[in-house]
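Next up: just one chain, as structure tokens, the form predicted alone.
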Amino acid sequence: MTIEMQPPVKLKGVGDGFWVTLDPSVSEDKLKEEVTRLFERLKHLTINARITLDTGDARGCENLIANIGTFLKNTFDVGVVTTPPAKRSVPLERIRQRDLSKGWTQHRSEVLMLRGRVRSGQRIKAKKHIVIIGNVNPGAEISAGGNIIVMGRLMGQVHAGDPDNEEAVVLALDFRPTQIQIGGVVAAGIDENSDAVAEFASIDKGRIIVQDYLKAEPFGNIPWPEVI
């Protein structure tokens, strides 16, 4: 049975420099010997070259990297010595991909609260209410069984009270949806060039009306908090 030993130092060309992979379990002196052997073959190519020192997933290698970097600069006149860019964690990458493609469908909680920009092509749906702290871009679609509140600019399509709750409202600090629907009633969007103002939409006598939130004070007649 033959066991192949992995070299303590691996070298490959990358762009305008070299990527050096180090095995931190090997002594620093041994690593310097191996680095010397590899870099002597490169001759003048090492001068002012960009070097990336990679110790894989090993932690606590800051001193080793600093010492090897200094050694390379003093011995082979390399240029900038860096470490690999930080990798995104898998959960964060999955969240980012979900944000850019699938959006959210919420059925567990009474209220879905999000922070950030809802981009074109995203679809967000909640069983009851949606609160978005951020902007909703044109091309985005928001749907809720109850109210929709946007603490920012609303420029996408919204459907509150889905499918037949005509008591729902849509409120935004900058109200410019391309299309609005409450229950089964649909209305065209607001002119994008209109002044930015906090407004809300509701159904009155079978049609959707949009009013200045501060002037109309739609919640002023509610005497006490209630769960909806």
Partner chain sequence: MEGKIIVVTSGKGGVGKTTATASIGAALALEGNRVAVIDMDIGLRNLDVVLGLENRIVFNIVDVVNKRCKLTQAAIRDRRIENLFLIPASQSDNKDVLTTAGVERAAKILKKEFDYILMDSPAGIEKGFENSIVSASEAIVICTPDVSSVRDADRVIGLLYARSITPKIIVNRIVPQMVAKGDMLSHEDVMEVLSVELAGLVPMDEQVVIATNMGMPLVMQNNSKAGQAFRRIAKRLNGETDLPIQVPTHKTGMWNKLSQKLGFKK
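Positions refer to the first chain, counted from 1. Remember, it's a predicted structure, so these values are computed and weren't measured experimentally.
This protein has a second form, the form predicted together with the partner chain, left out of what is shown; the following refers to that one.
Task: in the model of the complex, Gln122 touching the partner chain (heavy atom, 4.5 Å) - done: Looking in the model of the complex, residue contacts with the partner chain include Gln122, since a heavy atom lies within 4.5 Å.
TODO: Using a 4.5 Å heavy atom cut-off, state whether Asn137 contacts the partner chain in the model of the complex.
DONE: Yes - in the model of the complex, heavy atoms of Asn137 and the partner chain come within 4.5 Å of each other.
Task: Non-hydrogen atom contact Lys128 with the partner chain in the model of the complex at 4.5 angstroms - done: Close contact is absent here: in the model of the complex, Lys128 is far from the partner chain, nothing within 4.5 Å, heavy atoms only.
TODO: State yes or no: in the model of the complex, is some non-hydrogen atom of Lys73 no more than 4.5 angstroms from a non-hydrogen atom of the partner chain?
DONE: The answer is no: Lys73 has no heavy atom within 4.5 Å of the partner chain.
Open item on the list: Where, within 139-168, is there a heavy atom within 4.5 Å of the partner chain in the model of the complex? Residue list please.
Closed with: Contacting residues: Gly139, Arg153, Met155.
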